[in-house]
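Okay, so here's just one chain, in structure tokens, the form predicted alone.
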């Protein structure tokens, strides 16, 4: 924090019906909340100044989250607790922030630093968690996954794409798959694609009910905490 500028980092969810918002709609909603909260936000330079704000990796439409982040640059220092309360009061409940703190002005952009993402994939699997775990393990052992999207095929090398092996657990009568993926400028594997590949291998015709991003981390942090 220097030169009269402060960089607040906000953690917020994307839940309920709002998980069907596009990334652009989410960013617009967060910016409107900052304005309604009366925060002294900084603006970019140039002929068309805009709020100085930076968002983390985009979520696909329909995917929920408990851990999204954005950075908001402020012209004046406001205690982090106050930033949080003001944003919470100005945000819809399904996007209301859960945490606010300050980070260094020169910290890398969120889209650059956050390369690891964890997900809970809730399934409509009628079999056991152990059976699904076996089919997932078999898919991972093939070493790659071919995904077709909008008429194009993309090949994911699973050794590098999956920093840790997926695990399956039973929760409240549902079978949930925990998947951690590595994101890059070349794109990232959608976790439901891996689960559907396991269902295809099993021949059971299972389905994915919901996908929720549960954590975002930098590479070094992931090595310490996740692996």
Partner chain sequence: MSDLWPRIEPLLASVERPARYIDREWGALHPIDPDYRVALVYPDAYELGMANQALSILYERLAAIPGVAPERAFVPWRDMAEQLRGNDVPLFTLESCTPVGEVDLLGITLPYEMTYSNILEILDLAGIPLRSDDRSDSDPLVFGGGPCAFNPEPVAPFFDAILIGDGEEAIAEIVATHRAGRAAGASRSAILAALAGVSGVYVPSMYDMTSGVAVGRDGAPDRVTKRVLADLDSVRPPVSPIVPFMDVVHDRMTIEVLRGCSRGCRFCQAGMVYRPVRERSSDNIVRDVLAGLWCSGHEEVSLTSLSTADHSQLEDILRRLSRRLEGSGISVSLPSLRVDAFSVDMARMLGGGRKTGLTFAPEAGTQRLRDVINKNVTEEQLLATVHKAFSAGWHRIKLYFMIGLPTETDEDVRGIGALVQKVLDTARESVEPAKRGGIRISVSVSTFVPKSHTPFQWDAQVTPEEVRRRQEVLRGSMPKRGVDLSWHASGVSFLEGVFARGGRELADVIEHAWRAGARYDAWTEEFDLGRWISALEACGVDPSRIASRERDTGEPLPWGHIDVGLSVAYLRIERERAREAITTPDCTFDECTGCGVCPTLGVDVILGGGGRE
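Given the structure is predicted, the values throughout are model-derived calculations rather than measurements. Numbering follows the first chain given and starts at 1.
Below, we turn to the form predicted together with its partner chain, even though it does not appear here.
- Message: If we define contact as a non-hydrogen atom of the residue within 4.5 angstroms of the partner, is residue 217 a contact of its partner chain in the predicted complex?
- Response: No, residue 217 sits far enough from its partner chain in the predicted complex that none of its heavy atoms falls within 4.5 Å.
- Contact flag, residue 92 vs its partner chain in the predicted complex, heavy atom cut 4.5 Å: Within the cut-off, so yes.
- Hey, in the predicted complex, is residue 172 touching its partner chain, heavy atoms inside 4.5 Å? So residue 172 does not count as contacting its partner chain.
- Would you please decide whether residue 43 lies within 4.5 angstroms of its partner chain in the predicted complex, comparing each non-hydrogen atom pair? Taking the distances in the predicted complex, the answer for residue 43 is yes, it comes within 4.5 Å of its partner chain.
- Work out which of the listed stretches, 154-162, 22-30, 173-181, 197-205, brings a heavy atom within 4.5 angstroms of its partner chain in the predicted complex. The contacting stretch here is 22-30.
- Message: Using a 4.5 Å heavy atom cutoff, which residues in 37-52 contact its partner chain in the predicted complex? It's fine if the answer is none.
- Response: The stretch touches the partner through 38, 41, 43, 47, 48, 49.
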